[in-house]
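Just the one chain here, the form predicted on its own, laid out as structure tokens.
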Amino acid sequence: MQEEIVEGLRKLGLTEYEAKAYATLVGMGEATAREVHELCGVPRTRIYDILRDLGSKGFVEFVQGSPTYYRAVEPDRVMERLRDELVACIDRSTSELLSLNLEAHGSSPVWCVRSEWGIKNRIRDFLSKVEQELIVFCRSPDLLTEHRAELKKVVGLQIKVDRKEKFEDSGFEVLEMREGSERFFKDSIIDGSRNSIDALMIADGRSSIVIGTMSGEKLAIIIKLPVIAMLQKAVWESMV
């Protein structure tokens, strides 16, 4: 049995035994519990409980008899139902979360986001709140491409890059930092791990976000300290 199928079903909420039994029934069409056990390797002492649980989850149907025969509910029907349930759960959870009114106590002005989805989402949120000015230093053309739609909406946008030729197809007007400025954003090796800065964005001179890699891990650091933003802007202005 293909491991990818079992792993995919496990991500949908099935146990390993349930995934193996369901996939086996999909392939067989109809079978007894003994036949499923012999083909998929689920222990004989567990197969009846597994098939019963699959039935309660809507993956398996059965015809009572001696012996009882089981058959898999068609995968497209199962997946459509799971998709509808997931969408409904997401909508419900979103509505409930948005209705919460929690009072923040001592919110930190500096925090770090590490997941790829979280970083992209945080950048979008950061860009959506720019009011007058956004200054950007960037070493990654892909980053500008990824957030082109949000960046194009910013009125006071200024972008400086490490090498202008890398950004010819980015769709943005960019300035190249002067020779020697690379010292501000030079990659470093700490404890044998490479650390680098891909981009720095400063919004309205009040807050900033740094996107980079630390010890091989992608991260974004959000800073809501005007004094830090002021210092970062001074470095940015000295690069041309």
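The first residue of the sequence shown is number 1, and the count goes up from there. In this text the structure is predicted, and so the values were computed from the model without any measurement. What we label the rigid core is the largest C-alpha set whose atoms superpose within 1.5 Å from one form to the other.
Absent from the display: the form predicted together with the DNA. The rest refers to it.
**Student:** Of 198-206, 167-175, 65-73, 211-219, which is the one stretch near the DNA in the predicted complex, taking non-hydrogen atoms within 4.5 angstroms as near?
**Tutor:** Going through the listed ranges, the match is 65-73.
**Student:** Examine S56 and determine whether its closest non-hydrogen atom to the DNA in the predicted complex is within 4.5 angstroms.
**Tutor:** No, S56 is distant from the partner.
**Student:** Answer yes if any heavy atom of G29 is within 4.5 Å of a heavy atom of the DNA in the predicted complex; otherwise answer no.
**Tutor:** Judged by the heavy-atom cut-off of 4.5 Å, G29 is well away from the DNA in the predicted complex.
**Student:** With the DNA taken in the predicted complex, which residues across 143-167 come within 4.5 angstroms through any non-hydrogen atom?
**Tutor:** If the 4.5 Å heavy-atom criterion is applied to the DNA in the predicted complex, 143-167 yields nothing.
**Student:** Does superposing the core leave L14 with a CA shift of 2 Å or more between the shown form and the other one?
**Tutor:** Shift of 2 Å or more: yes.
**Student:** So, does I50 move by 2 Å or more at the CA between the shown form and the other one, with the core held fixed?
**Tutor:** It does shift by 2 Å or more.
**Student:** Is T32 one of the residues whose Cα moves 2 Å or more between the shown form and the other one, with the core superposed?
**Tutor:** It does shift by 2 Å or more.
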